[in-house]
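A single chain comes next, written as structure tokens; it is the form predicted on its own.
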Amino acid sequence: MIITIGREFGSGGRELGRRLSENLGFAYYDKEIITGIAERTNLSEEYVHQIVEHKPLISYPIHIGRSFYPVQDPIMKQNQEIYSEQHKIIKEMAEKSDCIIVGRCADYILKDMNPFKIFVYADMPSKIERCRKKAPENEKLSDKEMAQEIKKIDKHRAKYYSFYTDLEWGARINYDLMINTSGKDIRKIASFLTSIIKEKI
């Protein structure tokens, strides 16, 4: 069984995925994807993270499931290699065992494997509260500044998803389950979901 989790920043989607993996005994993949790409491309994890976590280059004509267009620019070719390896790694991870994969368009990349697709969202006060709990002690952002940062990250995620899939990020038609974590305990949500998924498998 494959579970993919798309999530708004600060919604607790990553924690939900990790707790589900622990409860179900499933493999959990998140930052491991970045590590795998870095190892295969001999690039730093920081550089790979910048490429795959931020807005893609619109001038870069790539689409999952189609052949890559030939490019001459060395930076573009490097980006092409990163995207290609990400696609391969996610496929390989999903083929190994039952797993949970967070983000990176895994729901679309693995659509032929019929994953259970979850999207996690929350209201802004809840997202700000979660971000504050995880922020470094020297974090000095006001609530307004943090909200702007959250919106910026979600905007990048939406563009990234649309760029890869031609679908709308967060649109309920693209997922099997939408979860609103506003004001809720992620541990309790994970426990409830675990019981449902165990019945499914």
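Residue indices: 1-based, along the sequence shown. What you see is a predicted model, and the numbers here were worked out from it, not measured in a lab.
One more form of this protein should be noted, the form predicted in complex with another copy of the chain, which is absent from this view; the next part is about it.
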TL;DR on 166-174, 128-136, 142-150, 27-35: the one with heavy atoms within 4.5 Å of another copy of the chain in the model of the complex is 166-174
Within 4.5 Å of another copy of the chain in the model of the complex - does that hold for a heavy atom of every one of A106, Y108 and S162? no
Notebook entry, point to check: For N180, is any heavy atom within 4.5 Å of another copy of the chain in the model of the complex, or not?
Noted result: yes
query = Does the 4.5 Å heavy atom contact test between R18 and another copy of the chain in the model of the complex come out positive?
reply = no
Going by a heavy atom distance of 4.5 Å, is I89 a contact of another copy of the chain in the model of the complex?
no
Would Y83 sit within 4.5 Å of another copy of the chain in the model of the complex, counting heavy atoms only?
no
Looking in the model of the complex, the residues of 19-33 with a heavy atom no more than 4.5 Å from another copy of the chain, listed in order, are none
